Structures are given as C-alpha cells and as structure tokens.
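Here we start with a single chain on its own, the form predicted on its own, put down as structure tokens.
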C-alpha cells in the first residue's frame, strides 16, 4: 500500500515510524515531513494548506490512504476535498472537525446533549465581556473560539488578567475573533482519553497526561506540550464507562444529528474530580506529544486500524501492552517566546537507542545533509519500560548524551506518578 501523511511534527514522525512496521506498506510520502521522516519515507515539499497540490500529488503517485496529522487541514475541510476520489482519507470531515475548530460549537453540543462540562458564557464583543468580568467570581477560564495552536486559553485569577485575556483575543492575537468563551474554572486533575471512530463504532486507544507549562512543577507559560506519560494514573474501567456513556456516545449522536458521521481520532480532554469526568475540550486528531507516547505501546498493525476505520469496519478492540511510556520534549532555548532557528543539531547519529527507546523529530529539517532545529519543540525522546521512573531516567541519559547546547527540557515530566 502507498500511504501519504500530512504534517511535519513529532506526531507525524511517530505515525510514520509505526506504520513502517507493517508488511502492508510499500511506500510512504510525508507532506512536508521533517528530518526524521526523511530517513524512513519520502518528504514532499507541499504546504499543508495547499489542498489542490496535495490532491494532484496523491493522484499522480497512486496514494491509496492519506493520514492527516494536524488539525488545521481537517478543520479547513481536506477530507471533503477528496470526496470525489477513491483515496481513503483518515480524519473527520469539515462539519465533524468543528468539535475542535470551534469551542463554542462544542459547548452548544454539551448544553443540548447534557454532556458534563463547565458552565460557560459566550460574548460577541469586548464591552459585554468586560461588563461581565467586572462582577464575575474568579478564577475563570477565557478561551478564543477557534484554533490557537493550543495557546488560546487563559486561566485568569483576577479581573486584571481577565481583561488582558479578553483584549488579546478580541485584539486578534489568535486571528479574527467574532466570539469569546468564558468558563467556570474546574477543580480536579486533567486526563487525555483517546478513541478511534469509524462512523459507527469506536475503539479505545489509550490515555495520557500532558505537561503543557514550560516550567517545572507545571509553572510558566502554556506551550504545545513539554512532555507526556501514558497511561494516566487516573484511568480505571469505571471511569472509562462514564466517559463513553456521558461524553463520547452523546457527542457522536450529535454529529449524526447534524447529518454526518465522525471518522478518525477523537481526543477527549477531561477534568477528573472524584472519579467523575468533565469535558474540557475535544481535538479531532491525535495529541502531540501524546501520540508519540501512546503509539509505542500499540501491539496491533496501525495501518490495518486506519484502513478499517476508513471502511467502517473497526470492530476489534485495539491491543495496548501494559508497560509505562514517557515522552520528554527537547525545545529550543527561548521557547515558547522568541528562539533561534536553523541551529545545527550535532551528534544525533551517535546516540544509540535500546529496544523501546525512540527519538521522534518535531521541529527539524534536513539541509545539505545537516539536521537543523526549525521549530520551538525540536525532538521527542520516548522510553517504554516496566515503570515510569526507569523510563524518565533513561530518557534524561539520552538527552544528556546528545548534549545539544541550544536546547532545554523539563526534568520532572511524570512527577505525579514518580515519587523520586
């Protein structure tokens, strides 16, 4: 089978590596890919928003399955764009992708279908928002309605922070904002829960806990994710039943009521309190770095899962092993603010990996046979073992051996499940 993968991050490198294991694969193209994918697939320099060029390339190169990694092409309707071809596209269509594309769309579904989530209010202009905030009880969560690369969420402790958030959102920091969402602050602990849906059935494919803050102890600015561990310490079968019955099932019913179906990954971002799940957000793709953390635990053929999903035949439970997985993200100094680009990463080929150790490229590119750091989150180091302590210890050894002077990382990833 000839397969295409859209995206250039650690998630796409992890997917590429996993499907490469399948005997069914004859060729993989990554659009545009990164320095890591270039070692195991053919990178194709096409921008992910250029649907026409992507489609022409897929037709010319007889691609049979197109896997869409990031959210933006899905929200913009790439699945619908391929509807007149025989190419299978893994991911939800434009209507279903509004679960991530519009937080207000999701909140309205929650309200109509009685899905447990925080109370919320929607504001269409800055004056109404400020008026509400002037007499509101804090803390509050203020969100941009649309996509914001994981950064359009403000946890506001007082009115001054609330006004700043509202001004930045309506001021266009995350693009043109017609609406703003204000939510009550939920107490509890976060958990990410992942399923794959085929339009009728869905199967569980793991849990994870992401560390979003740039600083140790989960302090500092929000990022795209500094590291992650899987499985979540909160996960249990009783909780899974509640998530399925109270959140996933009614959401998929809501999508059906809109006259369509949901196919692809569904990332359920949750707040757990007293073993009760509350929906924080949906993502319509695999998380990053959660994907890099979960896929090494997968015991089934990922390409079979993708194809069965596209065909509406996802009937078998997905098998995950019972080991522990941790991912630590090596970032460019300065991230998530300003950082230097095109900095060489020397010595990657001297870092020898044991079985169950992985390095996935995120913000890298290959230029004149040299690997350069091209993004804020540069490399993902993953280790799978019998316990989280060993996984983290082994990763830190690998990063120390690389000794990239222009990078930094959090040494405390997984601190809630590691006592030392």
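Computed from a prediction, not measured in an experiment: that's the story for all the values here. Residue numbers count along the first chain shown, from 1.
Absent from the display: the form predicted together with a small molecule. The rest refers to it.
| task | Just one of 161 to 169, 324 to 332, 183 to 191, 123 to 131 has residues with a heavy atom within 4.5 Å of the small molecule in the predicted bound form, so point it out. | result | Answer to the contact question: 183 to 191.
| Does at least one non-hydrogen atom of residue 143 fall within 4.5 angstroms of the small molecule in the predicted bound form? | Answer yes; at least one heavy atom of residue 143 falls within 4.5 Å of the small molecule in the predicted bound form.
| field | Any non-hydrogen atom of residue 153 within 4.5 angstroms of the small molecule in the predicted bound form | value | Answer yes; at least one heavy atom of residue 153 falls within 4.5 Å of the small molecule in the predicted bound form.
| query | Does residue 281 reach the small molecule in the predicted bound form, with heavy atoms at most 4.5 Å apart? | reply | Within the cut-off, so yes.
| query | How about residue 205: is it within 4.5 Å of the small molecule in the predicted bound form, going by heavy atoms? | reply | Output for residue 205 is no: heavy atoms all beyond 4.5 Å of the small molecule.
| Can you pick the one in 196, 271, 109, 310 that has a heavy atom within 4.5 Å of the small molecule in the predicted bound form? | Spelling it out, the residue with a heavy atom inside the cut-off is 271.
| message | Just to confirm, with a 4.5 Å cut-off on non-hydrogen atoms, which of 260, 118, 179, 249 contacts the small molecule in the predicted bound form? | response | Looking at the other structure, the residue within range turns out to be 118.
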